[in-house]
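Structure 1 and structure 2, given next as structure tokens, are two forms of the same protein chain, each shown alone.
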Structure 1
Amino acid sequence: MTAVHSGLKPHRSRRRTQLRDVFSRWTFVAPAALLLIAVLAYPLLYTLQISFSDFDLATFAPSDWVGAKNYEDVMHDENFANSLTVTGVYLVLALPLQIVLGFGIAFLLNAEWRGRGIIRALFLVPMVVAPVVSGGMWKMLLDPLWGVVSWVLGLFGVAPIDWFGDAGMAMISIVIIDTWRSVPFVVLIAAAALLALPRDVFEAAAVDGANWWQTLKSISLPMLAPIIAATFVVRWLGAVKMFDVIVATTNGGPGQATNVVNLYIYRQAFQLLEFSTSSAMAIIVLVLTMVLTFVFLWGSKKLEDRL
């Protein structure tokens, strides 16, 4: 009996130690968790409440519960559907281009050549420029009458291009501006990933006589595939929030050509004061973003396990 009792003491002692360890960890985490709840959970829950209610502008608060009526109105809103389509077109054009350019430039900067340190430093400039400033700067550069780009193209006999006035060119312009801003971020991630690759594998490939293309195709890209997938997910989460560059350049035009979903929700809420339907739109976009993010994360995990 005494032996059994003595055997329980270490077990209880270990359990108390574990509980004390968990309590101490949560003590450190609690302030950050409370702050996160305050700045994220409360606005999200309040938006969810508004999306199921009528919004009284007199009291500036949700009033009567209307159930799914706001969501039904949103589903029949053709302009909202169009804004989702415009956002999808932008993402399909921008994300692959940024990933390919970012990793391609990182490969070039990873090679030994004179002046690459200066180029690396210059690549940081677009990252520190505010999006609205970037949009205004590019709007001046791409001006069909007075812009530098039109002047340079004119030297080669190319007629001025209405970058922001034509529906097709407006979207291309937005993709160009966002690519200029976002590629340096991808380059930094890719450069760090390249430096982390084991050198002995590349030395063995060089001894076997592999050229740069064979090394890239058979060694570098397979080893970097999980990093490429993770970078895509990070850029997806950033690109889906596109708003400020479009406000500074096209303001959603011409027509609805660049009216992305965030801009449309903003106009519905703060210009037309349709807070109930705009909240429903925001919840729908949030759910779609979460679902697609989960799919991308699942796909990147499968790719990592396969390689």
Structure 2
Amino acid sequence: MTAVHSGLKPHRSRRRTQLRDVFSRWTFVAPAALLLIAVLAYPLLYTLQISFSDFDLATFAPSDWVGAKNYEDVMHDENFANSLTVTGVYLVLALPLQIVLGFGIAFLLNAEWRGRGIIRALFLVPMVVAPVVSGGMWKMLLDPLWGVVSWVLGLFGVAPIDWFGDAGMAMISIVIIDTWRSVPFVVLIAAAALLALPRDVFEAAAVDGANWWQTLKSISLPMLAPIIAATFVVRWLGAVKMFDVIVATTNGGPGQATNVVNLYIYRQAFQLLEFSTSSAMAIIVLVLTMVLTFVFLWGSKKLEDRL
């Protein structure tokens, strides 16, 4: 092969291979790019168009351009505002809890012992239970009359709790289920991060007589800060999409107590066929998500620079 190549005229062959190279580079990207344009970019632009149009249910297509009218309608929709609040409450409750629990358990698991590999593998299991299945499963566990959780709590003298029927408890139940599903993910990331920490720093701290709390506060946390921030952003991006667990458990209720924004938009679009306003809502959620993600990423970058 090499012999054949060296026999060619250097000049022409180089230009030809250069062209071929540029072409072959872009053929690597082409399949993914085409697919993503078809199923991601185009639908997004279409949503944007619908959000600025009237929707004709006879032809099932957007008709007249109405400017920001749909957005104005959405702004006056109290239920949409409520669904944003509900989503916000859920995020504020769930995300810190999951990060703290996940890193806490990872700290515990970070001891060197033979069974750790098995425990870490077993922690993967809740992650792969489909959200709808975990919803159904927890509905079973948390049933006020027949559920095993109520029975165990009853042993400690706790009166049966109406986990899904009470407005406040329903949100807490959702957070519990989501935490059960997501903490294992945080544990895995945290465990990997802890393993990668340099040991000598800790040994130096031990020699200097630093206690457990001082080591955690002054060494572990600062060194882990970038990973914690990254995990937070990944979890945040997952949690904003919350939909399945709620469909399988409270279905948005009682009343509007757990009607997260994704479920609300879904109902507006596919049950009430309000395609225009639901598209406007989807665009608002998209923009909010993007802006907040950007703020988090920027914040974690700042944090990283400071440490």
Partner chain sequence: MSAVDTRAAVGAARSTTRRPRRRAGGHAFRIWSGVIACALFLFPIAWMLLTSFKQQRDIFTIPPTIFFDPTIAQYIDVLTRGGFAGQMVNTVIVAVGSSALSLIAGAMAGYALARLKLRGAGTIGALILASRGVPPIALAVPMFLVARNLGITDTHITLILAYCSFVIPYVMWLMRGFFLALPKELEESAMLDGCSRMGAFFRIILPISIPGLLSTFIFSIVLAWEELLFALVLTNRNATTFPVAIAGMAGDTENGANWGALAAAGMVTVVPVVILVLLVQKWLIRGLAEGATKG
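Structure 1's sequence is the ruler for residue numbers, which start at 1. What you see is a predicted model; the values in this text were computed from it and never measured. Between two forms, the rigid core is the largest collection of C-alphas that superpose within 1.5 Å.
> Please match the form predicted on its own to structure 1 or structure 2.
Form predicted on its own: structure 1.
> Using the core for the fit, does the CA position of R116 change by 2 Å or more between structure 1 and structure 2?
Yes; that C-alpha moves by at least 2 Å between structure 1 and structure 2.
> Rigid core fitted, is the C-alpha displacement of T27 between structure 1 and structure 2 2 Å or more?
It does, since the T27 C-alpha is displaced 2 Å or more between structure 1 and structure 2 after the core fit.
> By how many angstrom does Q18 shift at its CA between structure 1 and structure 2 when the core is held fixed?
That residue's C-alpha is offset by 8.8 Å.
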